[in-house]
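Shown here is one chain on its own, the form predicted alone, set out as structure tokens.
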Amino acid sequence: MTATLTQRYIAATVHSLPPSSQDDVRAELSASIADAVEARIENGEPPEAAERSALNELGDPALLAAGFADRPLHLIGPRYYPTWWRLLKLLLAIVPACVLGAVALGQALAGEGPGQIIGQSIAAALSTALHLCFWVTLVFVILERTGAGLPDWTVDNLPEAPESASGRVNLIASLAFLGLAAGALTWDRSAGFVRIAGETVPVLNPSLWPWWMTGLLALLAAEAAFAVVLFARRRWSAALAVANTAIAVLFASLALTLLGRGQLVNPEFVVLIVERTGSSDLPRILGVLVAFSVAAIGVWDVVDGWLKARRAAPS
């Protein structure tokens, strides 16, 4: 005997339910469908059309069964979605970049070529990002299915209001740091940070004076002027972010170019390090660490400037 549409609909609804509740749901559905069909027939619809319309109105049996079983049909619902999204964005903004830098540094210290360094670093960062997406999502899916609770939201969770980041204290700190940097450059040239047998051994290459060092001091002066302009305007803007990016890129380019050419560090200082440590690889290792430090500081300065400009932009 061919099953009716109602029988097929009820079977499709209850087959995924626990056996203990199937009979109750079957009886409830049978009664509600019969009432709906009867009401439509009383309004003049043919029996077959009334049955079909009533079942169409109930919708997908899978959705109806999920409602009976109180089982979500989404991976992460609205209760957990904001927390999942905030955590995932935070981790993706920090962890892959740290892994990329760590792998690149390790490959560089091991003496690998540029192609190997770039390939291994990008592969490690992408793999880390994929693992973060999978495992963080899996944890929240489990929380969704088990009904584990999160702390209730309170006003204490509100983010802090964005600050101007251009106050007097920041200006004084920036100018003081730049002044110390300029003083350190001139002190290394005149008095020196390293003295051996009463003689001064500059850390930086003396041949950088006067032209290269003049350019470096000019960049420090530009950074000081930028700090003053930022203080006067009281807030970041796209134009200030562009200027900050230009200064950071110029400084990093200058330092990395000199380091790559072997012109940044005083050759006598390198010989002194080799003689004192007995390691011919130490200068190369220190050079790699300096290069990564310069690049990391430059990238951070640029990203931080654009983030502050974005936060300060009118909404």
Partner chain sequence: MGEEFDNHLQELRRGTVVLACLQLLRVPGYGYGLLEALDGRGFSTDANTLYPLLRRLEKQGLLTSEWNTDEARPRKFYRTSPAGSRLAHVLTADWRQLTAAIDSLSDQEH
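Here the structure is a predicted model, which means the values were calculated and not measured. Numbering follows the first chain given and starts at 1. Whichever C-alpha set is largest while still superposing within 1.5 Å between the two forms counts as the rigid core.
What comes next is about the form predicted together with its partner chain, which does not appear here.
Note that among 286 to 294, 270 to 278, 253 to 261, 38 to 46, the stretch whose heavy atoms approach its partner chain to within 4.5 Å in the predicted bound form is 38 to 46. Its partner chain is not shown here, and in the predicted bound form it never comes within 4.5 Å of any heavy atom of A50.
Using a 4.5 angstroms threshold between heavy atoms, V25 counts as touching its partner chain in the predicted bound form. Interface membership of L64, defined by any non-hydrogen atom within 4.5 Å of its partner chain in the predicted bound form, is confirmed. Of the heavy atoms in A34, some are within 4.5 Å of its partner chain in the predicted bound form.
By the 4.5 Å heavy atom rule, the three marked residues L29, L58 and F68 all count as contacting its partner chain in the predicted bound form.
Core-superposed comparison between this form and the one not shown: the C-alpha position of I41 differs by no less than 2 Å.
Superposition on the rigid core between this form and the one not shown places the CA atom of G278 less than 2 Å from its counterpart.
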